[in-house]
Structure formats: structure tokens, C-alpha cells
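Single chain ahead, by itself, as C-alpha cells, in the form predicted on its own.
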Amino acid sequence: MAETEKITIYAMGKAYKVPAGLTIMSALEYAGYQYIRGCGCRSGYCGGCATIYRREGDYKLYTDLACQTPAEDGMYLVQLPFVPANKSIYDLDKIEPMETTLVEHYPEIVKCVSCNTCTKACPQDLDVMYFIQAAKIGDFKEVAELSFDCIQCGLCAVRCPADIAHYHVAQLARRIYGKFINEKVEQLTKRLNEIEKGVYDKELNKLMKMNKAMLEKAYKKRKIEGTK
């Protein structure tokens, strides 16, 4: 059997030989690093494994998710256990959806210089700079729609020269849009009432006791509303 091709990565300045084809997360684990923080779903949806890296011979800093990005030969890696961007404290029930609301809670957005670094850093390929521009004029719908797939990884904030917490701005905009502006859906209200009354508690407890194989089987057999 042919020997697996190896590449060299650098973690905290130390070189490690790892098999080619691994993700950054798998490569670091192969090298002996144990993830305590900075990991989660391992599929690119939780945004927990924010990573900064540099390629050999390239002065630029790159950002991505460790569970999604292939490790490269000569890659220098730094893991971020979390992104400590400041979050505004607010009571959603007391907020008024006005044009100035987002600026009042996140005044730093007016310092945006439109460098588009936030968009380039986004692993979801969202138009981050554009929804920040929309936030400046209080366009909640535009912000909500452009940021809908945001996974709160924080990489946009890491690279921002204006210290904007883009993902927190977008989260507040989506909350305001959903609560005050977007058309209310009758089925959603009904389902929320059912949840509060404990209609699904028995079924949820049953699911929580299942192993992975049982959950996969139940998922494949699930009934989807609107289908035969």
C-alpha cells in the first residue's frame, strides 16, 4: 500500500507532518491538538471554528472556518476560541423600529469606510458591507434579507478597521424585522402556542433518548407538511 502523502502545517509556530486532504480542524487534531473551544457542529453551520491563517510566501492574512477549509502545505494556523465583539444590551419589547435605531445601538456603523474587508472575510459569501450600509439608514428588511444566512462566526468583525460587530448589528435587525415589520404567519403563532403548552414535550423526550442510528431512521421516515 502506498504511503499517504504528507504536508507540513505550522500550529503556533511548530511544524507538523499531517496527511494531505484533511480539513484544518482534522489536521490540527491529527497533530495532537485537542479542541476545547472553537469547534461545534463540524459541518460549517455553527460558526464556532473561526480560523486565521497565512500561506507560505504570502504576506496576507486569510480567514475561514476550520471544519470547511482544506489544510495546505506550508500553512500557518491560528485558532480563535471566540470573537469577543461588543454586543449592545437591549430589551426587544421596548425597542422602537425607527430609522436611527440600529445606529443608536451600534454607532460604530457610521464609521464604515466601505473597504469591503468584511465581505471578503465572510465564509458564507454574504454581502456584509451592503447590509451595514442598509443598517446605517435603518432599512431593516434589507439587512435581514442580506444577513439571513449569517452563522455568527465573527470573522467580519476580526478584519474590520472600524471595529464594527457586523453580525450583532444584523442579528438585532432581524429581530426587529421579525417582531415589528414582517407579516405575521398564522401557522407560526399556532406552533409557538403549541410548544408553550407542551404539546411536543413527549415526542422531544423520546427523540432525546435515541442514538444516532435511530435518529437517522426517524428523520428519513418523517412526515413533511404539504407532501403525500
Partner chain sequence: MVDITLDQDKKDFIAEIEKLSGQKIMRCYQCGRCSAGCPLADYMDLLPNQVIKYVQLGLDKEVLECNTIWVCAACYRCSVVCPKDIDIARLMEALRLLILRDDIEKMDINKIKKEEYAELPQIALVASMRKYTS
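Numbering follows the first chain given and starts at 1. These numbers were taken from a predicted model, which means no experiment stands behind them.
Only in words, not in the display: the form predicted together with its partner chain, which the text now covers.
Enquirer: Do E72 and its partner chain share at least one heavy atom pair within 4.5 Å in the predicted bound form?
Expert: E72: no contact with its partner chain in the predicted bound form.
Enquirer: Quick check on I137: any heavy atom within 4.5 Å of its partner chain in the predicted bound form?
Expert: Output for I137 is yes: heavy atoms within 4.5 Å of its partner chain.
Enquirer: Might V103 be said to contact its partner chain in the predicted bound form, defining contact as any heavy atom within 4.5 Å?
Expert: Judged by the heavy-atom cut-off of 4.5 Å, V103 is in contact with its partner chain in the predicted bound form.
Enquirer: Does its partner chain get within 4.5 angstroms of any non-hydrogen atom of V78 in the predicted bound form?
Expert: Residue-level check for V78: no, no contact with its partner chain.
Enquirer: Pick out the residues of 110-129 whose heavy atoms come within 4.5 Å of its partner chain in the predicted bound form.
Expert: Counting only heavy atoms within 4.5 Å of its partner chain in the predicted bound form, the contacting residues of 110-129 are V110, K111, C112, V113.
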